[in-house]
Structure formats: C-alpha cells, structure tokens
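Starting off, we have a lone chain in the form predicted on its own, written out as structure tokens.
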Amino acid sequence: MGKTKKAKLYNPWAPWLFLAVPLLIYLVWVIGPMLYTFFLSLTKWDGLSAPSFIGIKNYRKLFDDPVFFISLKNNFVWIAFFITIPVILGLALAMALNRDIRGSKIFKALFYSPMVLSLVVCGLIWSWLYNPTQGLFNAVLEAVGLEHMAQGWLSDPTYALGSVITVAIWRQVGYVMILYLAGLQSVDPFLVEASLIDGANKWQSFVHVILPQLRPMTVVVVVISIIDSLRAFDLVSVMTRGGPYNRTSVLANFMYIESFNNYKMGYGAAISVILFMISLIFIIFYLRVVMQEEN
C-alpha cells in the first residue's frame, strides 16, 4: 500500500522543474550570446548602428590579415610551452611532494599560491619585475656584473613573448601539481612495490607503472592546459597589449582590440568564432578519450 502511494506521488516532470531555472539562465547567458556571435561574424557592425549582413567577408578579410596569423602562431607557441614545461614541472613537484615528509603541506601551499592571484595582479607584479630601469631582474644582472645582459624584457620583440609566457607558466605549474597530486591518489601502491621487488629501479617503476596509471589525469592536464593557453588574454592585455609590433598578440587580445578599440564588432566576432572552433577540436578530442576510458 505504501509503495503504491509513493508511486502515485512521483512526478516525472519534477527534475525538469528544478532544472528549469538554471537551464534558462544557461540558454540566456551562454547559448544565446554564442549563437548571436556566429550571426555577428557575418555582419558589419560598429556596436552602435544596426548590423548589416555581409556574408563571409569578415572571414576572407581575416585570412588576409597578417596580424591574425601572428596571433594564431603565438597561440600555438603558448600551447607548445603549456603542454610541456608546466606539465613536466607540475608532475615532478607532485612526485616530490606526494610523501609524508615534514613541511610538504607548506611547500604545496607555496607552489599553489600563484593560482590564488588573479592574472591581472600577476601581470602587474611581473611588469614591475621586468621594468628595464627599476625592475628586479635587470638590477640583479647589474649587481652580479652582467649588465650587458639587461634587457627591455617587454619592449624588445625578441624577448617579449617569452617573458609573458614565463609568467603564465609560473602560475600554471602549481595548478598542474595539484591535479597530479589528486591523480597520484589513484595509483596502486602494491603495483609500485611489486615492480621494485622485481628489480626495477625508481625511474623504471615511474615510467612503466606510475605513469600509465596517470594517463587519464595527464589527458585532463594537457587538455586544460591547451584551453587555458588558447584563452590567454589577461596577461597579454596587462603587460604588453599585444606589442611590440604585435609580437605578443594572441587571438583573444586581437579580438578585443578589433571589437572594442577599433569598433569592428563583426570582425571581432569572426575572430572569436575561429578561436571557438580551435578550442572545440581539443574539447572533442578530450571527450572522446574520456568516453573510451569509461567504455
């Protein structure tokens, strides 16, 4: 009798009623603007007058724009650095700190602390450090007799991009470390001990036992690093605004300048669509890997 009563009280629409508000918000604030951006990419619009439909002219102009290709190349440079240095250093730190040793929690907090700071704050702090006349780096070089190596780190086209990426890597390493520390909790310690008993050294145990078990987390780390590098904007905007001579420009910064500085909203929307498509490729790859792991 009680079971029948409960069955009658069940309403199959109840979950959708609870989800209605968040779904509506998501449609209004995420899906709607995204679809509208696709439409704007096919228009000429200055942000004030009514958009006028021009088809794919923005995309044709984009592929004739040298700044677009510089920005695209710089984004791939970001990707190359982000999937190597932070991943390697983050994994090394995770392996070193994944032990019950004195002070390990303090070191974990210290290495993760840059993630607590916003990218704008990081950019301002490092801009002071890079200052050619009063910055710490040039002051140290001069103090040790290497004043000939002092540079205008953010104004020299040779060093500007590397200087900005260095800040991003400094901030990203702690985040990767935390992800790998979480992944190491799923590593079977008995397999590690068995490999050592069978005669493997620590490096062989790491390569052949630990690393394969960290594969799912490595995929997550690499995909997150790629997406973070593709949406790089804050540091570039604060530290160089894409200069000098567009040498540090990335797609997000290029999109912002064209949209809000040059009032070419349609052109900026086309840039954002290209950036979205590139990101989507890596997201689909990630989802496929995750689905294969679950199956």
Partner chain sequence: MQSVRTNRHISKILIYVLLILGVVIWMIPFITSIMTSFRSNDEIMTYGFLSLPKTLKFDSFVAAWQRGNLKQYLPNSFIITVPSLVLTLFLSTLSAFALAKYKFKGRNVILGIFVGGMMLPFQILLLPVFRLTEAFGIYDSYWALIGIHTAFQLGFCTFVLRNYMVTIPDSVSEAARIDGCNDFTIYSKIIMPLVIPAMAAVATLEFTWIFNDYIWALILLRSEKLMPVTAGLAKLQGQYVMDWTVITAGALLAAIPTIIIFVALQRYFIQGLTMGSNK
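Numbering follows the first chain given and starts at 1. The shown structure was predicted, so the numbers you read here are calculated from the model rather than taken from an experiment.
Although it is not shown, the form predicted in complex with the partner chain is what the next lines describe.
- Contact check for residue 126: a non-hydrogen atom falls within 4.5 Å of the partner chain in the predicted complex.
- The closest heavy atom approach of residue 54 to the partner chain in the predicted complex falls outside 4.5 Å.
- Contact between residue 91 and the partner chain in the predicted complex is not found at the 4.5 Å heavy atom cutoff.
- Looking at residue 220, you'd find a heavy atom of it within 4.5 angstroms of the partner chain in the predicted complex.
- With the partner chain omitted here, the record of contacts in the predicted complex names 106-114 of 145-153, 187-195, 106-114, 76-84, defined by a heavy atom within 4.5 Å.
- Site residues 58, 67 and 244 are none of them in contact with the partner chain in the predicted complex, judged by any heavy atom within 4.5 Å.
- In sequence order, 265, 268, 269, 272, 273, 275, 276, 279, 283, 286, 287, 290, 291 are the residues of 262-291 having a heavy atom within 4.5 Å of the partner chain in the predicted complex; the partner itself is omitted from this view.
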